[in-house]
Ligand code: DGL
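What follows is one chain in structure tokens, specifically the form predicted on its own.
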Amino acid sequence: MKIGIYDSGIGGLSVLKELLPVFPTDHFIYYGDTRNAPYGSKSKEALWKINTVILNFFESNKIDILIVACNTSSALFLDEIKKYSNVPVFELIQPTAEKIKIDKFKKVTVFGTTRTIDSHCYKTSIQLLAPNTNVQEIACPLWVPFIETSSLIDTNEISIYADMSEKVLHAINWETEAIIYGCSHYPFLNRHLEKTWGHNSSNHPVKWINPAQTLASLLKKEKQRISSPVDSVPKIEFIITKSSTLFTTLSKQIIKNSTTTHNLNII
């Protein structure tokens, strides 16, 4: 089966990492739009134009399913993406809302880009399934540019961690029970975030939720239904729109234990 997956840059690699064990013998095409990252601060019109370019790319490559690894694109255009595509489309928001319902969290915080937070996509999806769950939404517009440009260690480290600390402490003091990575880039900060903030102000454990893991769990259950009968060779094609040393480094780290062949192209 040929699986298309896209994001504004490196963020979707955190999604690919979770999907590889579910589809170890399939063919992935990963489109990282490194030229246009970050998406979260762009106009809706500009973002839809960018998305159509990507969707046309996948159509020409005859994929079997599409994974929208970008929360901003899902938040703004999920219905349009489904209409535009002629294959099943999966994203990160709805599976995460279903997890919140199953786990019966009463206070949940969502970190995301400005566009994702302004759309209230997570809050709406969660409260449709779990109306008694309180959802706090916090925009973190500095995080994606930092992750995309800093190699995770940079002269801006102090200021970005100060911003992270302020926002996470706000959630912790609100006595949140769970914090959702509402952007696929954010799990790359998980070692700092989850190690530093494991409990809320009442000293209750805080669950950090990676939507990529909830999606992987869903697709594992759906695999037999969605799998294409056409045989495929285990392979990963990385397509990026601008040269990125960080992307190259992280993509190699993610597939280091995989026997899947891979190549990287810049378009």
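Start at 1 with the first residue shown and count on from there. Only a predicted model underlies this, so the values are computations on that prediction, with no experimental measurement involved.
The protein also exists as the form predicted in complex with D-glutamic acid; that form is not presented, and the subsequent description refers to it.
Out of the listed residues I179, V144, C121, A97, V144 is the one that sits within 4.5 Å of D-glutamic acid in the predicted complex by at least one heavy atom.
Although the partner is absent here, C183 sits close enough that one of its heavy atoms falls within 4.5 Å of D-glutamic acid in the predicted complex.
When D-glutamic acid is considered in the predicted complex, T116 lines it closely, a heavy atom lying within 4.5 Å. Contact annotation for F28: none of its heavy atoms lies within 4.5 Å of D-glutamic acid in the predicted complex. Contact annotation for Y39: at least one heavy atom lies within 4.5 Å of D-glutamic acid in the predicted complex. Listed stretches are 125-133, 169-177, 98-106, 183-191; the contact stretch with D-glutamic acid in the predicted complex is 183-191, by a heavy atom cutoff of 4.5 Å.
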